[in-house]
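Quick setup: one chain, the form predicted on its own, written in C-alpha cells, and binding and motion questions come after.
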C-alpha cells in the first residue's frame, strides 16, 4: 500500500483520544478518514478538538477507511475488529485483543485468510526501555513485576488482570520465550464485581519463575520490572524508562577474632535508552506492517498465548473467592 493510509479511529475514550492525537500528528503517514464514538457528545468533542470528521455510523467509517484503530471497551473488541476485518480493513486493536482465546483465534484466522494486518496494541512493547531489555536479558531465573496505581475509574468492563497485569504478562512471556507450565494467582475485588488487586506466580518450562502484581487501589503509581539472572540483577523503571544493571565485581570473607564479616563490591551499569512516545512508535510500526515493510511485533498468535495465560490467572482468582 503506497501513499497515505486512510485511517478510521473507533472509540475515543481514555485510550482512544491518545490514538487520535498521535494519528493526527503523523500527517505524512495517515489521512484521517474520521472517528466514531458511541457517545454523540464525546464524538463531537473529539472531532472538534482535533479537526476531524465525526461519523454517526460505525460501518460508514469503516467503509471510508483502509485501516482502523479499535479502542472501544474491551468487551466490544471482538465484534468491532471482526466487522472491520470482514470488510477487508487492517486493524490495530487495543489490548487485550478479546476477552477469550476462542474469539482471538477466530480474529487471527480471519485476518490470515484475508491477508490483513491484525496488530495488538501492547504499547509497552514499544517502550524504549523494554526494547533495550531484549538485548541484556539472558536466561532469567526470576522476574518480578509491579504495576500499581490509584483507582481512576477509567476501566469498568474488565478487572485489573486484563487492564494492567496483562501488560507485564505479555512482556514477561516475550522475554522468557518458553511455555508456561504452572500458574497460581490470587486477587481481591473491592470496587465492583471485577478484581482490583491481583498477583500471579508463573513457572516456565526452563525453570524461570515470575511474580506479576497489579493493583488499581494503590495510592501511588509504581511500575517496575526486575530480572535476576546468573550474572546480573536488572531493574527497569517504566516511569522514567531507565535500566540499571547491577553486577557483582568482588566478594570476600574477612575473619577476625570477634566476628566473621562479609564484604561485597558491585558496580551498576546505566543503559542508554532512546526515549520516544511508545504509542507513536506503535503507530509507525503499524504503518510499516500495512505497507508490507515488516510484520507485527505483537502478532495475533502471541496475543492468543497471552490471553490463554490471563484466562488461567482469572480462573485461579475466581476459584479462590
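Numbering follows the first chain given and starts at 1. Here the structure is a predicted model, which means the values were calculated and not measured.
Although not depicted, the form predicted together with a small molecule is the subject of the following passage.
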### Query
Of the options 107, 236, 72, 165, which one has a non-hydrogen atom that comes within 4.5 Å of the small molecule in the predicted complex?
72
### Task
Find the only residue in 304, 24, 297, 15 having a heavy atom within 4.5 Å of the small molecule in the predicted complex.
15
### Task
Using a 4.5 Å heavy atom cut-off, indicate which stretch of 183 to 191, 224 to 232, 115 to 123, 138 to 146 touches the small molecule in the predicted complex.
115 to 123
### Query
Taking 4.5 angstroms as the cut-off for heavy atoms, does residue 79 touch the small molecule in the predicted complex?
yes
### Message
Taking any heavy atom pair closer than or equal to 4.5 Å as contact, tell me whether residue 154 reaches the small molecule in the predicted complex.
### Response
yes
### Message
Taking the small molecule as it sits in the predicted complex, is residue 38 near enough to touch it, meaning that at least one heavy atom pair lies within 4.5 angstroms?
### Response
yes
### Query
Are any of the heavy atoms in residue 280 no more than 4.5 Å from a heavy atom of the small molecule in the predicted complex?
no
